Each structure stands twice: as C-alpha cells, then as structure tokens.
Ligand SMILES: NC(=O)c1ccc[n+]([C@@H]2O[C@H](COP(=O)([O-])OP(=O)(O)OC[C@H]3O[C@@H](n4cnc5c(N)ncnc54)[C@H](O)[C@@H]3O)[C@@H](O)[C@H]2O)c1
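Presented below, as structure tokens, is a lone chain in the form predicted on its own.
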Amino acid sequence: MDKLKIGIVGCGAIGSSLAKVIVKEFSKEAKLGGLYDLDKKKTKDLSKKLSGSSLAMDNLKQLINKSELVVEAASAKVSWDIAKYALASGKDIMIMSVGGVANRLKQLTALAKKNGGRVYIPSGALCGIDAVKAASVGKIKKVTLTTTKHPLSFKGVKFVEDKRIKLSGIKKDTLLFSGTAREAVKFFPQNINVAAVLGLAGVGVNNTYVRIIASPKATKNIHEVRVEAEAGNISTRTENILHPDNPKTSFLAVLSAIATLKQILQPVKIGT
C-alpha cells in the first residue's frame, strides 16, 4: 500500500509537532508531502530539521498538489480558505483552527461530497466530545462551556483591547465574555477553538453558551462542559498543560491531532 502523503500548512507549535511525529512514528503508513507557512524561515528551518531534501513549498497550491491529506495548523483567519481550496482539489483535510469554519459546516459538507474529500476535526483540548456527539443523536436541552485561563493568555486579543481591559491589573477571577459559541470564536479566535468543536459536535454554535474567565491563579487552560440531555447530564473538566512552544496552545490539542491522524492511518477506530 502506498504511503499517505500529508502536507502541513502552518509550522508553529502544532504543525511542527505533527510533522515530527509523522516522520518518526508514522513513517510506515505516511510521509510528509510538504510544509508551508507564510513565514518562509519557519518553513525552511522545520524542513531542514526533518529531512535532507527540502520539504518547504513556495505556496499553498504547490503544497496541496503534493498532498493527499492537508493539515491546517495556521490560524482561524485562513482555515476556511485552506479547507475550501483543499477540498476543491479533491484532497482530504484536517482542520485545527476550527473557529474559522464554525459557521461553514454545510459548505464543508457540500464541498467534500462534491469532490470526494473528507474533513477531520479533532476534539482538541476538550474531553467529552464523544459523549456530546452521542447525546446529540437524541435531544440536547442545553450546552454550557466555561473556559478559564491566565489573563496574559488573552494578550493581543482585540475584544479585550476594545473593552480597555488591563490584563496585568486583574487580581481576581474576572468574566471577560459570556455569549454564544459563534460570538466567542469571533472575538477570541486564538483562544477558544474548543467552543467551535463543542458547537459542531452538539447543538450548533448558535445554541452553545460560553463563558470566558481570566484568572490570575490559573496555571492551566481549564475547560468545563455541562450538558443537559435526554440521555442524561454530562459534566467534564479538562485541565490542560500549556504547550512548551506556545502558551496559547494546550498540549492536549496537539496530542488530539496526532490521535486523529493515527485513526486515519490505522484500520481500527475506537470511540464515537
């Protein structure tokens, strides 16, 4: 069987971690088709670390042409454009910046069906997605996500700057936002991908309620989910260790991507 050719868009913490795992652990089933990042230095540096021959691609089109599965690990600003281009080219895609496609599920589905592609969205830094998916087959009454992070995790977020919130001045737990998952991913595109995943798995981003709390005591990214459903009530709490290369990314999000890739490559799938 031919090895699956995987191309990675985005050479940050998630993209780099995935690339290394593909080369070191999945070499029998897959190989890197290429790497691409707007920051050419990042692309070239990662390529040199992983291979004697250059994996660095000059543009997105070149990367997609050399891949069968495209992994988007760039940003919510471009994830929809990358997904659209990959699917239109008949390729499969794994989307990490889920906030960028949270409102595009019908379009993603239509594109994938039309061109024979598949879309993979990992659970990310959130546990319990399997139970939410199962519960959604029946009736779900209410879904609430409460995310707690250290104030400095929200540095550079326009929503916070527009509200003139001084992050360094936060001395106690402070509610930064409450609203729908659709609003949350719009205002916190780098911090709350889990809200998009939860919404897509359950009752949709318009009907998933989100609270975001800045806590000076927080040393981990904490996500608490409460689901009231016909099948029963579900409560989960995930305390995420920060990724050593990027404090805005939870380490579990990277491992979730690796686990999803493992399921793609292996014949047995465990879990909903």
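This structure is a prediction, so every number in the text was calculated from the model and none was measured. One-based numbering along the sequence shown.
Same protein, other form: the form predicted in complex with the named molecule, not shown, and the subject of what follows.
The stretch among 193 to 201, 84 to 92, 136 to 144, 105 to 113 whose residues place heavy atoms within 4.5 Å of the named molecule in the predicted complex is 193 to 201.
Checked against the named molecule in the predicted complex, the candidates Ala125, Val101, Leu176, Val157 yield a single residue with a heavy atom inside 4.5 Å, and that residue is Ala125.
Although the partner is absent from the chain shown here, Gly10, Ala13 and Ala74 each have a heavy atom within 4.5 Å of the named molecule in the predicted complex. When contacts are judged by a 4.5 Å heavy atom cut-off, Leu38 counts as touching the named molecule in the predicted complex. The shortest heavy atom separation between Lys66 and the named molecule in the predicted complex exceeds 4.5 Å. Interface residue remark: Met96 is counted as part of the site for the named molecule in the predicted complex, having a heavy atom within 4.5 Å. The named molecule in the predicted complex comes within 4.5 Å of no heavy atom belonging to Ser215.
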